[in-house]
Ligand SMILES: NC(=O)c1ccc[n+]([C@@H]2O[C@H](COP(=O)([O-])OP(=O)(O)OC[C@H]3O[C@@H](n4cnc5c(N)ncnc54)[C@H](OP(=O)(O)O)[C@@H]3O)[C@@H](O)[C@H]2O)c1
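Take a look at this single chain in structure tokens; it is the form predicted on its own.
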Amino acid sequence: MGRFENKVVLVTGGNRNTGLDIVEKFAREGAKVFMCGSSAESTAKGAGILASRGLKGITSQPCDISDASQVAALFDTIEREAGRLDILVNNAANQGIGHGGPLEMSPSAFHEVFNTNVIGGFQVTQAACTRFFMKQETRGVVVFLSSNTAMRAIRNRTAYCSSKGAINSLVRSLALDLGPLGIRVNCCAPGYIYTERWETLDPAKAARRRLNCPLRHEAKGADIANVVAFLASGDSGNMTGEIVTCDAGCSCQHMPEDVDV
């Protein structure tokens, strides 16, 4: 029997990249999984990939988590089809790429990133708690996806780095307030993850990125899914408010070795 047998899980942003691996992890360990993407097209594409991996029983529904009405509709589906929710994984993210540096990006672009990464994550969590967790004898678990850039910024990604720092603070605050109610809130903070964006990288640039990693390789989506599953399971039952970094050792060094002089 899998760790998540008879559990109901929602994975936001479960339609692509690491989200697909998180959905797969829970499904293969027995969970009934709901997943969403920000558009009908991307959600359908993700559902097709999951089906090609031999996964069944996954319910997919488009949901822009920055839109409260779409969040409500998603939770209506969960209530109708499952009647409960045990685990929420806040994985959906706006990467904030292509907006330029802090002097060039528009305030509206900054807001877009925060609307998904922070406000969206908050209102999905609030809905999970009020519509399900607080009405169940066994309270739920929330896992956010943050980033090691919350601790060490990268260039020309001001909105993204700021939003991930806000997520870390949100996790701690939610854990503090929801802990007495029996709801655990934790976070996985990845570094480099091999995604579709890596497939277009110049090989020399990819090799240089890997030099930033003491383990010499970026994470696979499955590596992050393993951490998320641990935080969602009873194996981490006495943990809340924690930010667990999974970044091949990037955060433990002052500088990569080729500039550490």
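In this text the structure is predicted, and so the values were computed from the model without any measurement. The first residue of the shown sequence is 1; numbering continues from there.
Not on display, but discussed next: the form predicted in complex with the ligand.
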Any non-hydrogen atom of Arg216 within 4.5 angstroms of the ligand in the predicted complex: no
According to a 4.5 angstroms non-hydrogen atom cut-off, is Asn17 in contact with the ligand in the predicted complex? yes
Considering only heavy atoms, tell me if Ser60 and the ligand come within 4.5 Å of each other in the predicted complex. no
So, in the predicted complex, is Pro190 in contact with the ligand at a 4.5 angstroms heavy atom limit? yes
Would you mind picking the one in Gln136, Ser173, Gln95, Asn156 that has a heavy atom within 4.5 Å of the ligand in the predicted complex? Gln95
Considering non-hydrogen atoms and a 4.5 Å limit, which listed residue (Ser162, Thr116, Thr125, Asn168) is close to the ligand in the predicted complex? Thr116
Contact segment among 24 to 32, 200 to 208, 230 to 238, 39 to 47, judged by heavy atoms lying within 4.5 Å of the ligand in the predicted complex: 39 to 47
Taking only heavy atoms into account, state which residues of 44 to 65 are within 4.5 Å of the ligand in the predicted complex, ordered by sequence. Cys63, Asp64, Ile65
